[in-house]
Each structure stands twice: as C-alpha cells, then as structure tokens.
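Encoded as structure tokens, the following chain is the form predicted alone, with no partner shown.
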C-alpha cells in the first residue's frame, strides 16, 4: 500500500461529506473551506463513492481532460435507472444533452445549437427581456411589496427562455414551476418522483409544438428542433426531449438562483447597492463577482474512463469526481480575499459557468437576464428591503444554490406601461 493511501481523504480514509443535505446547504462556505485546507483532494463514500476537487487548478485540469473524463449518461428509458452523467447523486429518468454527452455526439449537438446562444444572438433578445422585466415590475410596483423569486427572478428567465423556444408566454408558470421545484427537491426524497412526474406537461407540450412546426415553421428554437439536422439526420424524439429539457432547465433555475442571491446580498449590503446605483459602469464586473461568489451551479461530476494522473492526483478508471465549483471559486490560491465580494474584482477567472468543453452554453444569456433584472430593480425599487424572517432557501444545494422565497418591501412607484407579449 502506497504511503498516500494512508492519508486522510484517501479511499482508505475517506472524509464525511454529503453535499446533498440541509446541513451542507446551511454552511457550505465553511464546509468547503475546511475540506480545501485539510483534504483538497478527498474521497467520500456518499452516493456510491466519489472524489471531490476543491482547488481551482485541479478542477480546471480535470475539466480540460475530456479525452479521459466523461460526462456521458446511460439512461434506461423504461426503468429510469442511470449510470454516469453529471449529477451526484444521479437524477433518475432524465438525460440532459449536450451536457451529458461526449465527443463525437457532443460535437454534433453543440454545433447544432451554438449560434442561438452566441453573444450576437443574445444581444438581439435584450430589448424583449427588458420589456418583460419592466412588465413584471409593473405588476408589483404600486403595491410596495413583492417576492423577489416568485414575482421576478423565476418568471423572467422562464419568459425569456420560452420566447426563445416559441412557446406561448402565458404558459410560463406551468413550465417553470416543475423545474424550479425539481432543483431544490433532493433526489432521495419521497417527493422527488412526483416532482419529475410534473415534467410530463412539458414533454407533452414539446411534442405538440414540434408537430405544429413541422407543418408551419416559425422563427424559433422549436422549429429548429422540428426541421433541423444533426450529422445529416433529423432529430429523433429522445434527442428533442433531452435537448429541450437541458435548455429550459439551464435557462430557468440557474439564472433565478444567481439573481436571487445577488438581490438578497444587495439588500443586506446597502452601501454596495448604492455603489452600483452610483456607478453603473461597474455592473459587468459586479456580475462576474456575484457569479464567482455564489456559484449558482455548485458542482458537476466527471467519470474517469481510464487510470489518469492530473497535477499529481491519481484517479482510477471508473472513479467519479465532483468538480466543486463553489469551493474552487473561493480558492485563496486563485482569488485574493475570496470570501469577500469585491464589485470591481479584476481579473476574475471564476468557474461559475464551468470549465472545459462542457462550459455552460447559456452563459451569455444568463448574464443578459441578470443585467436586466438587477438594473430594473435598482432603478425602480432602489430602497427595497428583504424581510429576513420570511425568506426560505433551497433545502439542498447539490444541484443549484437558490431560494424558494425572498419577500421584500419598497417604496411604491408608478407603472411604465410595459406588457408581456
């Protein structure tokens, strides 16, 4: 037995870590800090056993080795059982592509949708996103109170993403709510099966709208799915569903979580909120800092296809590795004063949107939506104050670091007459 096998954090001496618990969600910054300082490359027996990468250098090193580390997910469509994939613990019954695919499958899928999420394509949607945001604020501006999640950060990403697809906008809640609930419901809980069942409406509507687009094409993503080709072949039923699920899930709840955390933080730190109001030029840097600090996606997995060594870290074939973005984004070897929010931090090489070839395809869209929501709130509700005794966070942050409810009060204002259409 090698000397390293006897060290704390090795397979012979694993750490105690289950990141899919309320206890971890309640104190994740402290927990990650302790692991990063004592056992930065640690093995845990939770969820079948996996390594956890908490340092930025190790995480990026693994993410860039797509020749060795896989994200491919095998899904039994009958039983819902899965192997591999990005999630620890695994999410049954769902495959998310292109995220849970490897080359060459990844190349065809990513190339098929890339241009629809490129900076230029996103910029063309900015004005509609602004109008949606203004309309959502109009719905509450005269009341003097609202729920940041229910009234803004959940509906706006849903509306923008549904607009991209070409779904009727009035159906946003029927789409967004099941995805929102799925993210904060632990996969091990009895309620999770019912939550997944709630996605049946989404799948049925995808089928209905794709059938319509094949008869009457439009300028939307559903038409691309219905009429497009990947490797000279039309998209099959499973590919359309897996791809649509990935885009809607990624577009809805991660942006919701990021913006919710941002607005809660600014309520708690009115001096920094005022700085953003006084210096709007800082907004792009502040956006990246909040992505780093809160890491809406806390971590995703890789699966070793062969024995490999990364930065001196030996990982065996078949091992799973959790890339803990939320830990790496506060790595003191990579960021000065990582536990502090510095609105003008630069440079800021965070991994809030992942790293390597599986870096989030919707990152530009998420940034744009964050800007629309934060800018609108600071302009029209500059004195908003969160009612701290009424907030409710996600019970687990294994998938997304977000909030269920954030009630807030503010000085009532006037409507601007924006509409959602």
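What you see is a predicted model, and the numbers here were worked out from it, not measured in a lab. Residue numbers count along the first chain shown, from 1.
The form predicted together with ligand HEM exists for this protein as well; it is not shown, and the discussion that follows is about that form.
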Just checking whether residue 106 would be counted as a contact of ligand HEM in the model of the complex - the rule being heavy atoms within 4.5 angstroms.
yes
Residue contact check: residue 155 to ligand HEM in the model of the complex, 4.5 Å heavy atom:
no
Heavy atom of residue 330 within 4.5 Å of ligand HEM in the model of the complex
no
Please tell me whether any heavy atom belonging to residue 386 falls inside 4.5 Å of a heavy atom of ligand HEM, as the geometry stands in the model of the complex.
no
So if I measure heavy atom distances to ligand HEM in the model of the complex, which of the stretches 355-363, 39-47, 390-398, 23-31 falls within 4.5 Å?
355-363
Sole residue of 263, 297, 321, 149 within 4.5 Å of ligand HEM in the model of the complex, by heavy atom:
297
Ligand HEM isn't shown here, but in the model of the complex which of 183, 86, 286, 75 has a heavy atom within 4.5 Å of it?
86
Thinking of 117, 251 and 254 as one candidate spot, does ligand HEM come within 4.5 Å of a heavy atom in every one of them in the model of the complex?
yes
Given a 4.5 Å distance limit between heavy atoms, list every residue of 91-119 close to ligand HEM in the model of the complex, or none if there are none.
98, 99, 106, 110, 117
